[in-house]
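Starting off, we have a lone chain in the form predicted on its own, written out as C-alpha cells.
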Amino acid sequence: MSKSRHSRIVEILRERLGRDKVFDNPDVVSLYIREPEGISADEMPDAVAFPESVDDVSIIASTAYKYQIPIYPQGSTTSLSGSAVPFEGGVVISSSRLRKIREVSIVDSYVWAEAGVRIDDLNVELAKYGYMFPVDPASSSVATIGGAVNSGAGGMRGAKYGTMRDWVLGLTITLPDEEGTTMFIGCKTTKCRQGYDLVRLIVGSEGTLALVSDAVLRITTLPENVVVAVAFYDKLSDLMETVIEIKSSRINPYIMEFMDSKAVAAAAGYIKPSIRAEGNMLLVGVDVNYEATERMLSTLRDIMAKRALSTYTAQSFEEAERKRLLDLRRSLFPSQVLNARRNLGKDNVLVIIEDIAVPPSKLVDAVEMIKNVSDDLGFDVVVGGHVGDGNLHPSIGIDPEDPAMTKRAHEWFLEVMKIAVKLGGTVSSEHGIGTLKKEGLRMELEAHGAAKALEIMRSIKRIFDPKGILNPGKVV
C-alpha cells in the first residue's frame, strides 16, 4: 500500500473508531507480525485496531470492504501454522479489549464470553460455580476464546472432551461486506437445528470467513477428583499395549499423554524431576468421585506397572502437583528448545513442531516411521503428544540461518504429513492449516478422493468474503 493510501486508511479508521483504537506506530505494529514457531511477515501491516464492541468490529469490516484492505483477526498469536500472520499488509484486528464474560448460566450449561477472554481466566470464573470449559491448549494461560474458535483448538483433555467444535453453541460474527453485517448464529441451547451448521463452519476456519466477537460455549462440571499415574517403558510397544489395556478395561481417561525416551531425557535435563525419568513416558489421569479413588488408582497402577520400568501415582491432582508428576509433560516445548540448542551448539535455533493425528492403534507405527524419516534427513527428532486421541507433536530443531537445513526441514515437515495420511490419519489436529499445511490439506483430501472439497471450500470463502480481504492466503 502506498504511503498516502496508508495514511488515508489509518485516518479513516481513527475517525470512525476513535484515535485510541487504531495504532500505526512501528513499535506497536511489530508486536503483531509473528508466531512462536518463527513464522513472520516480511513487511509490517499498516495498523493495528483494537475494537471494544461488536459495533467497532462492524465498522472495521465495512471500512475494509469499501477500501479493499486485508484484515487479520488476532488473539494472542499462539498459532503454530502461520494462520495469524499478516502477510499482505492491511490491518490487524486485536481482540485484546474484548474481555467481558457476559453471562454464566449453570442451569442452561453455557458461558457467554467475548473473543479476547483468555481460557484460563474463563476457567477461574467458572470454578466459582464448580464448572469448567474443558478445552485446554498448552497456551491456555494466554490463548483467547476467539483464537481457540478460529483455530479449532484442542489440548490434553481432548481424549475425553474433544476440541472446540464440540463445545461451541453459538457465535456473534461480522462479515466483510458493505454494512459490516453482524449476526448471531447458533443457539444458547445444547440442542439446536438451524439448517446448515454455520457455527461448525466458522469453528476452525482460521479467521478466513468471518470475524468472531463473542461465543456461547458449553460448560461442564469440574471433576470431583482426578487420580494420576505416570509410568516409564523401555519399549514404545509396551507403552501402547498398556494404552490398549486401559481402554479395554472401560476406563475413559481425563488425560492420556506420552513422551518418547528422547523427549523424556530432554525434559529431565531441563527440570531435574523428583522421580526417576528414564524411558518412554505414559501419563494418565482419570476423573472419579472420591469414593472410587482407591479402586481406580489400584486398577490403573496394576495395569500400568505390568510392563513398566517404574510407576508413580497420586490420589489427586493436588498430590500429583506436589509430587511434580505433571512437570515432564508440561516442559515438553522448552525441553525441545534446549535439546535443539545443545545439538546445534547455538542459542539462535528454530524448533519446528508437527501436529498430525493417527488412529491410536497406529501410534507405534507412526513414531517408528517418523524416526526413520528424521534419521534419513539428518534430524534429531523428539516426539510427544496426546496418545489418547492419537495426536502427535514430533519436533526438530534447525538453524534458521542455514538455507540447506531449512530446505531439509520443509521436506521433513511434508514427509511427516505423508505418514499421517498413509496411516489413515490427518495432517492437522489442533494447530490448523494456515500457510504451512495447505499442501498437506490438498494431499489428504486427494488421498480420500475428495479433491473437489477444496473447490467447495473456495466457493464458501467467496460467499463469506467476496473481496478476499479476510485473512488472505490462509487455509485455501
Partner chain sequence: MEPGEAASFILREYSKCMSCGFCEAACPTLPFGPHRGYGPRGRVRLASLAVENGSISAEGVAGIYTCLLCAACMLRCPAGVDIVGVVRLARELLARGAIRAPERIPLRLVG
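As the structure is a computational prediction, the values presented were derived from the model and not from experiment. Numbering follows the first chain given and starts at 1.
The same protein also exists as the form predicted in complex with the partner chain; that form is not shown, yet it is the one meant from here on.
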query	finding
Interface stretch in the predicted complex with the partner chain - options 438 to 446, 25 to 33, 414 to 422, 54 to 62, non-hydrogen atom within 4.5 Å	25 to 33
Of Pro334, Gly89, Gly269, Pro359, the one that lies within 4.5 Å of the partner chain in the predicted complex (heavy atoms)	Pro334
Ser139, Thr172, Ser261, Thr313 - the one with a heavy atom within 4.5 Å of the partner chain in the predicted complex	Ser139
Contact of Ser81 with the partner chain in the predicted complex (heavy atom, 4.5 Å)	no
Interface membership of Arg118, the partner chain in the predicted complex, 4.5 Å heavy atom rule	yes
Asn348 within 4.5 Å of the partner chain in the predicted complex, heavy atoms	yes
Interface membership of Ser76, the partner chain in the predicted complex, 4.5 Å heavy atom rule	yes
